[in-house]
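Next up: just one chain, as structure tokens, the form predicted alone.
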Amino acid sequence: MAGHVRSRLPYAPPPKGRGARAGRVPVAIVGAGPVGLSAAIDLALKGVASVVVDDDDRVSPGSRAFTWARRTIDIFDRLGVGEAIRAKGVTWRTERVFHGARTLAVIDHAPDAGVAAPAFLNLQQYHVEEILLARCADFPDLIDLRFRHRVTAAEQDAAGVTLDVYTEDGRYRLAADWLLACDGARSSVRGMMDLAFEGEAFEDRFLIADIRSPAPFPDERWFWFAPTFHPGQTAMLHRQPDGMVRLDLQLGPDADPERERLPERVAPRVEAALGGRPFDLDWVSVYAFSARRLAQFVHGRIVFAGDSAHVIPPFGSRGANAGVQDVDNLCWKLALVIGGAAGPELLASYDAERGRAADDNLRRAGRSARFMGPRTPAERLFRDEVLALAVDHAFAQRLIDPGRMSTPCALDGLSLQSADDPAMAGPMGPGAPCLDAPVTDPDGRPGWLLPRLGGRFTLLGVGVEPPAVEGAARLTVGEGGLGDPAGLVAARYPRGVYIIRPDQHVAARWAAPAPRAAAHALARARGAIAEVGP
């Protein structure tokens, strides 16, 4: 099993002559996986410098996180890596669910037309990390990557955080105004702070295999309950780039991880799953999973994101997707705080908003885990009856849960969103993640709506000119602005004015707002409602 060629990332000796306060940086990021690298890029796009430290010097050894959802792809577009990720990845929209050898359901995950991003894209985590690292190189003055630098202690006070960092050439201290802990499920920062996860652990173990095979496989997700090649358990198969296939096999709670990852144990399972097609094993892992989170993600000047904040069962592609979406929510707020445009209390909204998302992901993934691996007689009876009924009844097919796929979290009712205008209708109410639609520039060039909305506050007028409000850009569709060639902007955003947050969520909307109402809602969205008054 050769695996992906993991070239060593450049090591930089520790800085010399720096005391605890010398060379202070705005943000230190622990962890150079997809979450930490995305955070560094997002902050750099906002002019905020960061130092990223990681105790390793190679990208992920296997596919690990490999299915990326549309919302995450939209974020990658905003970060400037979407084009490279799309070019390398395998896009798909169809899922086939089997019981034994029988097809129970065929699910279309992209029924809506008129969006730029695919519903889902398969790309191994190591490729995503390599693309993000290449993008980091575009910001040499704002992103300082330090590999084989291990954090051994973290102390904070009201002004910032000081890290003790160990390298092969000696120790040093790194001072930062803020620390982002993006160092995964076994977070060293979380351990140093003695913070405990809350939630539940599941006993089942799963085998993951990256398989290189010349045999053709469709661009689909295949999921089996009790497959003929793996009786009594579940299995999942995806095509990946580079002639690779990802196979996940449920092993049960009593499986010995060390024994099950031996090639002589893995190869017969893979051969049976692939129906005798030729293959080579590229990477194998055995894992158990949990559904747990920190009670709080913000602890003074230390903020947790991704798996360091919440560990989500992988069913439905919720782990790394949730982490990148954490960053999308956090970094514009942190940039406002660092720039003095908002107080640290704005970060309480990160806790509330991404806490809601974590709870939603944990609930949905936990439900999938119990359907796939029933733990009680009642759960097993329900699962077996649903599978039996699904052969002939459409209502039962809708109850099948092979891992409900990741969807973005709405933020309605939380503190940064204003009350909706009762005159408005449609899905784009306050808190909703923005939907894409095709548009044309005034000169007729085609494009998409979402890239024009991210990264800053925007007043979007659909069929009406938006008012001018300090601190927000203006964008008009119709009325001499962008064209709406398919009518999808008007269908998804009924006539009116919308305040769009930097993370492409709706903060407020009205049929016809006055400038003061818009200013008030913008101040609320920035966490500074007191600036405008009632």
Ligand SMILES: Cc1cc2nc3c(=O)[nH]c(=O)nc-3n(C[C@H](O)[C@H](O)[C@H](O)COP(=O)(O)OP(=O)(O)OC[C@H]3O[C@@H](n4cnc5c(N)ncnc54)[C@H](O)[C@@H]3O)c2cc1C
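Numbers follow the displayed sequence, beginning with 1. All figures in this text were calculated on a predicted structure; none of them were measured in a lab.
Same protein, other form: the form predicted in complex with the named molecule, not shown, and the subject of what follows.
- None of 278 to 286, 415 to 423, 101 to 109, 223 to 231 except one has non-hydrogen atoms within 4.5 angstroms of the named molecule in the model of the complex; the exception is 278 to 286.
- A residue is said to contact a partner when one of its heavy atoms sits within 4.5 Å of a partner heavy atom; residue 32 meets this definition for the named molecule in the model of the complex.
- Shown alone here, residue 354 lies farther than 4.5 Å from the named molecule in the model of the complex, counting heavy atoms only.
- Although the partner is absent here, residue 209 sits far enough away that none of its heavy atoms falls within 4.5 Å of the named molecule in the model of the complex.
- Interface membership of residue 183, defined by any non-hydrogen atom within 4.5 Å of the named molecule in the model of the complex, is confirmed.
- Along 131 to 164, a non-hydrogen atom within 4.5 Å of the named molecule in the model of the complex is carried by 149, 150, 151, in order along the sequence.
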